[in-house]
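Given as structure tokens, the chain that follows is alone and in the form predicted alone.
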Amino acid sequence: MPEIIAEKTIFTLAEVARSIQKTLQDRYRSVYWIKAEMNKLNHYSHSGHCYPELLEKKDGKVIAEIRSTLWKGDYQRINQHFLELTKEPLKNGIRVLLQASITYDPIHGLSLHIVDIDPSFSLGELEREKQLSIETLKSHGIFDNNKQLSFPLLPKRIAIISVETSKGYADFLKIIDGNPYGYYFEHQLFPALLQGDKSVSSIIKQLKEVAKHADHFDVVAIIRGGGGEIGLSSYNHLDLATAIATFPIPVITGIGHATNETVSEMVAYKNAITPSELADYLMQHFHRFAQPITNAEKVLQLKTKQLLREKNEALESTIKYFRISTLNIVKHHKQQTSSLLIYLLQHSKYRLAHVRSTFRQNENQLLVQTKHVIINGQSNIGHLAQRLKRENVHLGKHFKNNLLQLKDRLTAQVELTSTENQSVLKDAEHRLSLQSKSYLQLKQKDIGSWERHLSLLDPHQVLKRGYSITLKAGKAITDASTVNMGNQIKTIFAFGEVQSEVTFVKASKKTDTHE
């Protein structure tokens, strides 16, 4: 019950919540059909329950949003029915017509409890979205862009967008790599998700990656297999269809389904129902290229054999003609060679005689010139020897004078150095004599001081200062404990000595001082 304080009626929060709950229960007693966009399904696999986020948009803005619950049993039943009719599972981002009751919980707030979903409505929505994508592509003038590209004569470099573990991908590779004709295909896999909410962004991402290396590939093949008819709606997505339609090289698809061609397949250069059919399509291109070549090869072989045969016949005729002509030419040249040989022998004899005569004349001239050169050389050598002799005598005198001058300079230098050294020695001798005398005087003073000190330590001088020495058996006594009563001891003074007998002994404790 509310409280009344200062004339104010005050409710607790729980009272307000319970009041809202009761009001809603009274007002909304039945279930209602509601159309909304399922923004997020929020399916929890461990519990099996779903907590969909429902919203409504207008002009791209959210104008209403309510969360909901879809319990495990209802979800399994609804999802199975949805799959059978739409070939799509319940997923994020689809528009649905749902039947739900309105509930309010004081703790969890307002929500819708979904009990059924009409798949026919969603099917119509999916088809509407598909038609919208087609109309948009056509209005932009890009719907047939990829189809208008020039297809390569031999599509042997293939960029494949698929899943490595996909059965369709394996079937595709089995056909193109294992073909019995020996056709060689180069292919590279660009892995991507091919169904589900993330398939659109995943495929577009790999298309962008292929586009960076478009010069390395002839075609792009999007291959999906093993998924049946489920999850094809993503291929109607406008972004994916746009990416395929505007791709710079032909895109071919083998998505693997039997009905309802998707927008992505419509805009692709070629679409095949299955990956195997797509592989056969590529093989046909090689066949169409190979068949004319095979026919041309056969024609070329026939033409070559015929041409060889004709050329062989012509060659044999030519050989015969050349053989006869060669024999005639050889005979003619032999005659010319014999005549030429005779002429050369005669001409050689004449040239040899002329050369011998010229050689003898040159020999005589050379002997005369050699003698003249030897005589001139001997004369030049004599003049040169006399000149060298004179120069040697002059050089000897010059070097002797230089040596005498050098000797005089060295002698003078030695005498000067000797005089300087003698002066230095005399100075050093004088300083040493003075220092020795000073040192001897100092040491004599030290000796006198030591002599006086030693005289003070003389025992006789010590006794004269009043000290005495006591002996026992000739040995000096330094410890009273070595003396016993009745022992004879002798005391020595500076002047005389005394013999006495011990009558009293008092030993004292030894200390470092006594020692």
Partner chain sequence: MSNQLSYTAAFEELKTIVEEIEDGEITVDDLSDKVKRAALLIKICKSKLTETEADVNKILEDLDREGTGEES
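Everything numeric in this text was worked out from a predicted model, so none of it was measured. Numbering follows the first chain given and starts at 1.
Although not depicted, the form predicted in complex with its partner chain is the subject of the following passage.
Segments offered: 326 to 334, 417 to 425, 68 to 76, 153 to 161. Contacting its partner chain in the predicted bound form at heavy atom distances within 4.5 Å is 153 to 161. In the predicted bound form, at least one heavy atom of D218 sits within 4.5 Å of a heavy atom of its partner chain. Contact check for Y169: no non-hydrogen atom falls within 4.5 Å of its partner chain in the predicted bound form. With a 4.5 Å cutoff on heavy atoms, F190 counts as touching its partner chain in the predicted bound form.
At a distance threshold of 4.5 angstroms between non-hydrogen atoms, G377 is out of contact with its partner chain in the predicted bound form.
Shown without its partner, this chain lists L432, L410, L367, V299 as candidates; in the predicted bound form, only V299 has a non-hydrogen atom within 4.5 angstroms of its partner chain. Shown without its partner, this chain lists H140, H213, R128, K400 as candidates; in the predicted bound form, only H213 has a non-hydrogen atom within 4.5 angstroms of its partner chain. Scanning 300 to 316 for heavy atoms within 4.5 Å of its partner chain in the predicted bound form gives L300, K303, T304, L307, L308, K311 in sequence order.
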